[in-house]
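As a starting point, one isolated chain is supplied in structure tokens, in the form predicted alone.
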């Protein structure tokens, strides 16, 4: 069985059972515990489930592709996308990196929008192929399979030639005191570089990433210009975030 087939079956299992152990998945898929564990880690990194001790539980969100495959509507991404689009002006240069939310946003951009999108995410670049007026610049570098992005010194060098108007940062956690963080060290350095070549930085964040802490810090909350969520800006979940300078949409 191919990896993609295994991962689709894992998502289908979670869509009905909501929680499953790695042992159960190994028996279901007839593969080793380590193989299942790697699949679950990869799916969590893509935002499709949440890994817990000895197993996995269903997320309240799925990527656009997974939602289509499982027939699940997703309103949270839709709300975030509509808010984020208001920040994008015609003829601007937009920097977008990896992440499910960024991929969804790219797919939903208006077809008549005239902008340049710079990205290290090949899948996001491909999604924009259907937007005739959007120019796409794909950053070079080593392709990091687990996160489906380019990384490394070549990616950093390519960014030296960019002056972006807006940077949409994919992120794993946002905390009022601990700031924004992700799970991979080298990528955290790349995100800091992307911030440095951009006039303003935006984080589009689903609710489950709020008030969480991940391993590798990218920046403080005050370094962010816009925080976009599906919640109303006055929602109590966002109360502590209002103590920073970030504009909450």
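Note that the coordinates shown come from a computational prediction; the quantities given were computed from them, not determined experimentally. Rigid core: the largest C-alpha set superposing within 1.5 Å between the two forms. Positions refer to the first chain, counted from 1.
Not on display, but discussed next: the form predicted together with a further copy of the same chain.
- In the model of the complex, a further copy of the same chain stays beyond 4.5 Å of every heavy atom belonging to residue 26.
- Looking at residue 10, you'd find every heavy atom of it more than 4.5 angstroms from a further copy of the same chain in the model of the complex.
- Residue 82 falls outside the set of residues with a heavy atom inside 4.5 Å of a further copy of the same chain in the model of the complex.
- Proximity of residue 21 to a further copy of the same chain in the model of the complex falls within the 4.5 Å heavy atom cutoff.
- You can rule out all but one of 166 to 174, 134 to 142, 84 to 92, 97 to 105: in the model of the complex, only 134 to 142 has residues with a heavy atom within 4.5 Å of a further copy of the same chain.
- Here the marked residues 128, 154 and 158 all reach a further copy of the same chain in the model of the complex, each with a heavy atom within 4.5 angstroms.
- Taking 2 Å as the criterion, residue 227 does not count as shifted between the shown form and the other one: its C-alpha moves by less than this amount when the rigid core is aligned.
- Put the two forms on the same core and the Cα of residue 240 is off by less than 2 Å between the shown form and the other one.
- Note: the CA-CA distance for residue 19 and residue 180 expands in the model of the complex relative to this form, by 3 angstroms or more.
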